[in-house]
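As structure tokens, one chain now follows by itself in the form predicted on its own.
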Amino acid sequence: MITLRGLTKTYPGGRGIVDVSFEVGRGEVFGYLGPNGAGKSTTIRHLMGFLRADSGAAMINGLDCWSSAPKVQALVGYLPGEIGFPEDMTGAELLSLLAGMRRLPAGSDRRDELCSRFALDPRGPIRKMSKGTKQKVALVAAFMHTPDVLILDEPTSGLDPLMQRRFLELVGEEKRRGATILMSSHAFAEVERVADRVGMLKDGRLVAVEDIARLRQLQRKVFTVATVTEEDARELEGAGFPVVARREREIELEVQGDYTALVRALARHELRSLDVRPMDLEQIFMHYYGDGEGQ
């Protein structure tokens, strides 16, 4: 449904995107990750037909996003990274205007359901809305016409944790419906919950595209072990597991897969406590942003 082939756009000063290529299949959630300024929004603006590429192509459902922009935009639910609403309207008036442009029936049940889901009363003036409330209006606008493709740029910006969870639940429902979703974010944890694959952008270049399932196989776990004696801590430090940190009689060990060996090592010592945490996707990806591995 979404295809980028060698997409390149350069700005003065060397910023932009270079030779970006990937595809997103029907019914797939694709997480588009990278730090602020990496080029995520530039890519999305090409998909929406707002920018013309220097070279390469961006297509949605086989349509060129630049030359067929009106047809493409009719297929897409779009949430921009920077929201600019007319300040002299209420949220309800804006949603009604957008619904009319989408030729949705008056009093759309879908619109009302989304407002209820996000605890949004859209009747207030936009100029008085908080960032989080404006974000809710933008989410309703993006989803209310049940689009085949959703392009979401930093969609949880300004939302509180409860609304973030409701948003991720909505993305899961849209995926089950068969919608194709590209979700740009610098928040790795939220993408990990819903994405099938992720692409990572660094300095305008796509450095990796990976399946979430494979990345989870790469996850290491960090075990925090507090021992009774200093001697126990020293022996565990030399047991052959990578040491993440050492604080007096507490040691953090990094383990991938070979948990039996760790259990055997721990069984030889008296412990005060044992805790475990998995490494998240951000930690797994750090080598892409560091020494360039994976390029």
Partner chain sequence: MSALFSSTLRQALRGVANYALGMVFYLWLFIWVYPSFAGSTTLNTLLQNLPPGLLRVLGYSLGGTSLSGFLAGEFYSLVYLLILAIYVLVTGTRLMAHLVDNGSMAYLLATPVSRRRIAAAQALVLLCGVVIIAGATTAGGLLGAHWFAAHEHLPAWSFVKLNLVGMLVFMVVASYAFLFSALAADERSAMGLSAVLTLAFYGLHVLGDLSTRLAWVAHLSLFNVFNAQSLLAGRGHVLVDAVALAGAALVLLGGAVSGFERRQLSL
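Positions refer to the first chain, counted from 1. All values derive from a computational prediction rather than experimental measurement.
There is another form of the same protein, the form predicted together with its partner chain; it is not shown, and what comes next is about it.
- Annotated contacts: 49, 74 and 80 all touch its partner chain in the predicted bound form [non-hydrogen atom within 4.5 angstroms].
- Residue 138 is the only one of 200, 191, 138, 115 with a heavy atom lying within 4.5 Å of its partner chain in the predicted bound form.
- Note on contacts: among 104, 168, 89, 208, the single residue with a heavy atom within 4.5 Å of its partner chain in the predicted bound form is 89.
- Although the partner is absent here, residue 85 sits close enough that one of its heavy atoms falls within 4.5 Å of its partner chain in the predicted bound form.
- For residue 97, a non-hydrogen atom is located within 4.5 Å of its partner chain in the predicted bound form, even though that partner is not displayed.
- Contact check for residue 45: a non-hydrogen atom falls within 4.5 Å of its partner chain in the predicted bound form.
- Although the partner is absent here, residue 70 lies within 4.5 Å of its partner chain in the predicted bound form, judged by heavy atoms.
- Contact with its partner chain, judged by heavy atoms within 4.5 Å in the predicted bound form, is confined among 242 to 250, 229 to 237, 261 to 269, 62 to 70 to 62 to 70.
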